[in-house]
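Next up: a single chain in C-alpha cells, the form predicted on its own.
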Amino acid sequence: MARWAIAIHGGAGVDPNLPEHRQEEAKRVLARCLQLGVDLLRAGTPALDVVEAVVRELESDPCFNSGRGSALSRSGSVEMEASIMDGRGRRCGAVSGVSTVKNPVSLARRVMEKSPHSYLAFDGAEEFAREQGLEVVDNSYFITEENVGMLKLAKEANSILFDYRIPLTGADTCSALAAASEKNHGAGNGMVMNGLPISIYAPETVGCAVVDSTGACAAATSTGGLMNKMNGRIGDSPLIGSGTYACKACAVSCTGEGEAIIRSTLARDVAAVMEYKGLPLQEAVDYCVNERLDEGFAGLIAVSGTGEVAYGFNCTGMFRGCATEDGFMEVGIWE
C-alpha cells in the first residue's frame, strides 16, 4: 500500500501587509478544507473524489478567489474556470467562462467523464452543465460587495488589481498599488504581462493535489481569474500542463501570474523533471519554480506517487496546507 498525502493552496503572492485577521481567516478556511481531505483519505476515498470535494469546499467559501467571491471582470461579471486531472491514464477535464455553475470543478469533472472532450468554455460549458443537471445559480451569487468596491478602485487606478481584499480608498489607491508592486517584485515600475505593463496581478487561485493509499494521483484547480481582467481572458488554471497536471509520478496545482505559468507549462514541468531527470519531488518543484518561470511570479503545490508533499513559490507568501499519512500537518502563508 502507498502512503496518502494531500496539499492545498489558496493563492501565491500575498501582500506582506495583509491584516492579521485576514491571515487568520485564510488559515481557518485552509485548515477546514485540509481536514476534509484528510478525513476522506483516511476513509479510503479515491484521490479524484478527494480533490473534487476539497476544491468544491474552497469554491463555496468567499475567502479565496474561486466560486463565490471570484474576482470580477472589467464588465463587473464573474467568469470562472477550473480543471481536474486523474493521474490514472492522465484523463482530464476543464472549463472556462463559467458564470452560473455553482461549482466549476464539478463541471470540469463531468467534462472529463461525461463528454467526448477535455475542455468546454462559455456558452457551451454552461449548456453542458444544465444537460448534466449540475446546480446553477444567478451570477450575482458569486459577487461580493467587497469585490464590487475593489473593481471600482481597480478601474480608477487603470489596473489589474493584485490583492483586492485590502481596502483602499480614494487617492491612496494608485500609490498603494505601486507600493505593493515594488514590495512583491522589487521594481518600482510595475509588472509586464505578455509584454504589456500592468500594475500587478491577482493570483488567489485555489487548488488541491492528492495521492491516495493506492498510489493514484489527482489534481484540481479553480479560479475567478484577475480582478478587472478583459472579458474572455483565460488563465493557466484550466490549462492542463500549465495550471494543473497529474500522472503516475505526481500531481500538481499552480497559482500566480497565469501568463507566466502558461509560457512555462509549469505543472507538467514538475512531472517532466521527475520522469526525465530523476529528481525527487521537492527538488523538481524547486527547479521549476526557480528556473522555469523566467521573469514570472508563481507558486505551486505537489504530491508524489510515493506519498511526499512539496510546495514552492518565488513571490511573497502562498496560502497553503499539507498533510501526510504519517501524521504531518501544516497550514501556512509565509516561508
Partner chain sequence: MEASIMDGTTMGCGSVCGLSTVVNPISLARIVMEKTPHIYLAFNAAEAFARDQGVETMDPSHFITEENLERLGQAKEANRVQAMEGQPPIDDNSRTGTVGCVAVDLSGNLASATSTGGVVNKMAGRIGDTPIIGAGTYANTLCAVSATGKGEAIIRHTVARDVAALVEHRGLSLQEAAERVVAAVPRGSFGLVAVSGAGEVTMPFNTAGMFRACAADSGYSEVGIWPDADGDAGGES
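Residue numbers count along the first chain shown, from 1. All of these numbers come straight from a predicted model, not from anything done at the bench.
The next section is about a form of this same protein that is not shown, the form predicted in complex with the partner chain.
Here the chain stands by itself, but in the predicted complex one stretch of 61-69, 26-34, 42-50, 273-281, 273-281, has heavy atoms within 4.5 Å of the partner chain. The candidate site formed by R56, R109 and F142 is entirely out of contact with the partner chain in the predicted complex, as no residue has a non-hydrogen atom within 4.5 angstroms of it. Shown alone here, A251 lies farther than 4.5 Å from the partner chain in the predicted complex, counting heavy atoms only. Contact check for K102: every heavy atom lies farther than 4.5 Å from the partner chain in the predicted complex.
In the predicted complex, at least one heavy atom of A121 sits within 4.5 Å of the partner chain. Of the heavy atoms in K152, none are within 4.5 Å of the partner chain in the predicted complex. Taking the partner chain as positioned in the predicted complex, the residues of 74-110 that bring a heavy atom within 4.5 Å of it are, in sequence order, M85, G89, R90, R91, C92.
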